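The chain below stands alone, shown as structure tokens; this is the form predicted on its own.
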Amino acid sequence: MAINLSQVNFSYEPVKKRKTNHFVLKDIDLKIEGKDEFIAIVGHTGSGKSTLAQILNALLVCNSGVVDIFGKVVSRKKKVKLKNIRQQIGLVFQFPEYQLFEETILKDVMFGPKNFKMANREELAKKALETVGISPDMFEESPFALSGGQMRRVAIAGILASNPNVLIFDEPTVGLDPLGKKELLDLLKKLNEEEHKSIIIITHDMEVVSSACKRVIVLDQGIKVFDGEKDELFKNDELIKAHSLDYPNSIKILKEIKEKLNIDINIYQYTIEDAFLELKRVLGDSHE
């Protein structure tokens, strides 16, 4: 098990005994494999999603509980070398421009391998850039001359170059147009399916959850209220309602059609294309 959290609590305020403390995360138990996972962490603003991501990357240290990352326990009581953890678990923040600082794209992506004292750092950087779709003729350009979508790709390449097992993305599709969103999700699926990376996405977007993710973790006011397959989540109407979550558009459309036409149809389709095929199966070609 790559990541194992047990009874983890975290507060941004100093924790005082015999006083009411505000914990952003409360008694979190969580296990994440080091490969092949594709997880969405969802919940409303203030639910603790981004805090949890930083706990997983050891940017934050919990107040109590056990955080075991690749066999190393991270705690306030004992100092642990974090460089190896951060090499194995890469974190891409919501605003990628905050992670870019070098004068050229290639130098920026080389920083991770250089920092971790990896050999062949230039080759690793070039491979990572090519993986995210940045062509060699752009390598010597300034990263700050790029579009928002390209900057996001370069930021991802900067993490990929160090070859982490787990990649964490904080709201990766925010600000992208539909094509940019699709291209980014296709890239993450490729990393998951072909390179067996574990992908963790923090998101408000249920379209991202439905089209890409296999497993969903729901946080509400710092408490983990659900952890399971996306099918299980979207079929639990009471849970969706109780925590003010939403359905992807494909399920919304099929729900409405099922109610209006009173037909027996499987509404749990996660893309518009799959929704169309399900309608075609039930209604036949004459309704195209």
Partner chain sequence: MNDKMVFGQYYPINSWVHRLDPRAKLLSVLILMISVFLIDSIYILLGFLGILFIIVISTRIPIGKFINSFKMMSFVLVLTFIIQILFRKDGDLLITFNFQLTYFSLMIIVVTLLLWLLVSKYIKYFKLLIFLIVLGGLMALQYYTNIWGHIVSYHIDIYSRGLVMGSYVVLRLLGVLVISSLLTFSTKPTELNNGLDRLLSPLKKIGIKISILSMMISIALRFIPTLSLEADKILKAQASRGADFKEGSLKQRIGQIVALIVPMFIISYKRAYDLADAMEARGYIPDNDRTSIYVLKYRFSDVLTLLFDFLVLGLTIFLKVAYAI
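These numbers were taken from a predicted model, which means no experiment stands behind them. Numbering follows the first chain given and starts at 1.
Just so it is clear, the following notes concern the form predicted in complex with its partner chain, a form of the same protein that is not shown.
For the chain shown alone, residue 236 is not a contact residue for its partner chain in the predicted complex, no non-hydrogen atom being within 4.5 angstroms. Among heavy atoms of residue 158, some come within 4.5 Å of its partner chain in the predicted complex. Its partner chain in the predicted complex is approached by residue 99, whose closest heavy atom lies within 4.5 angstroms of it. Put simply, residue 57 is close to its partner chain in the predicted complex: some heavy atom of it is within 4.5 Å. Checked against its partner chain in the predicted complex, the candidates 146, 91, 216, 199 yield a single residue with a heavy atom inside 4.5 Å, and that residue is 91. Only one of 173-181, 124-132, 70-78, 111-119 lies within 4.5 Å of its partner chain in the predicted complex by heavy atoms, and it is 111-119. Taking a 4.5 Å heavy atom cutoff to its partner chain in the predicted complex, none of the residues in 230-252 make contact.
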